[in-house]
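Quick setup: one chain, the form predicted alone, written in structure tokens, and binding and motion questions come after.
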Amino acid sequence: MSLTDKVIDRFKDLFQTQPTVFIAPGRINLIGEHTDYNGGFVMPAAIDKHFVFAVSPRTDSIFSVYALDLDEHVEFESNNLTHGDSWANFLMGVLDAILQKNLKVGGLNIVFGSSIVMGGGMSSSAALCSGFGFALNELYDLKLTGMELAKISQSAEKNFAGANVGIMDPFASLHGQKDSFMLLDCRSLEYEYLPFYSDEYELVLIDTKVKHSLASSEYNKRRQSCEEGVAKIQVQHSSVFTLRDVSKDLLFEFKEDLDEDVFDKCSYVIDEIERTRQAANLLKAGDLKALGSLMFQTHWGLSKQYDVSCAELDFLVSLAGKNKEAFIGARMMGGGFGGCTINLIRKQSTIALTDEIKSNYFATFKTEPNFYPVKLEEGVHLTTTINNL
């Protein structure tokens, strides 16, 4: 039985009515890591790992929500939204941001399930927020744009979950286009679609099975380091607002004034913004091998300068780097400290490589990684309605 069927069946059991069903995808990011909150560029895409939401409106202000994968049922009211540690806080954060816009919504019955690997760097939290916001927008005709919904989702993660996240994750979940990456300017929020299709190579995520428990707090520390660097440069250069405005030459002028760690973090971000620009041009030109080389550069920048990798991620990327006939690109993906690597792999090599990598990984870490081929899909969307169930 498919995930969608399971979600719909559970919804009917709980609420005795037909739902409207939405798909909210996770995302990958080909290149441009930790650049979004620095005013730079990112290159995300929505993928075929997603949340399924079965939803129906209520006549009161209660939100009755069942998480299929966790077997947890939570209820809250729109006039009593409280902070906490539950996944429900993401939903309450979305609702709070919508209510702050003086928009009127009623309650909802919801069942959701997910095929997104939690902790794998596919931004399950942004997909959860984006899917919930999209459902409210559709069922209560709020007339919010995709970018407004992305900002609402970002606000939910900041204000209720305490993660000082950028705009990329909810943007990608909401704006994805099948078989395309997106080049997003995180300062202007302008974007363009970059078609991606290859008969020769495929995108594969390799999950270290290390969950990034440190990612949220360490993410905030990295962001603070970037802001500290900008603040010191801004004293003498008033036109500098983010690291997007800082050239490598300008950064080196301040090397003696910056803590070594702050300098390294800023240096990585400036390089990564430029790599992402280059990658967009290479993707347009169809030069995947050169693009893959930039992915390797990004990984080792994240590992050695930004210090957000771990032994397991470095091990997988090192293996990939030793077999560049099969792997043309590999890097860690997401906030760091675990999760997945994203890889460009020659299609005819994937099956043979899987056994080899599992064996090598197990010999070192006593567990086997998981492999997830991914395809680029449409962003959050209505998949079926009451009329065609």
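The first residue of the sequence shown is number 1, and the count goes up from there. Only a predicted model underlies this, so the values are computations on that prediction, with no experimental measurement involved.
Omitted from view is the form predicted together with alpha-D-galactopyranose (GLA), to which the following refers.
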Interface stretch in the model of the complex with alpha-D-galactopyranose (GLA) - options 64-72, 47-55, 354-362, 327-335, non-hydrogen atom within 4.5 Å: 327-335
Would Gly40 show up as a contact with alpha-D-galactopyranose (GLA) in the model of the complex if we use heavy atoms at 4.5 Å? no
Find out whether any non-hydrogen atom of Gly292 is located within 4.5 angstroms of alpha-D-galactopyranose (GLA) in the model of the complex, and reply yes or no. no
In the model of the complex, does Tyr219 come within 4.5 Å of alpha-D-galactopyranose (GLA), counting heavy atoms only? yes
Proximity of Ala172 to alpha-D-galactopyranose (GLA) in the model of the complex, heavy atoms at 4.5 Å: no
In this chain shown alone, the residue from Gly93, Gly120, Gly166, Gly229 with a heavy atom within 4.5 Å of alpha-D-galactopyranose (GLA) in the model of the complex is Gly166
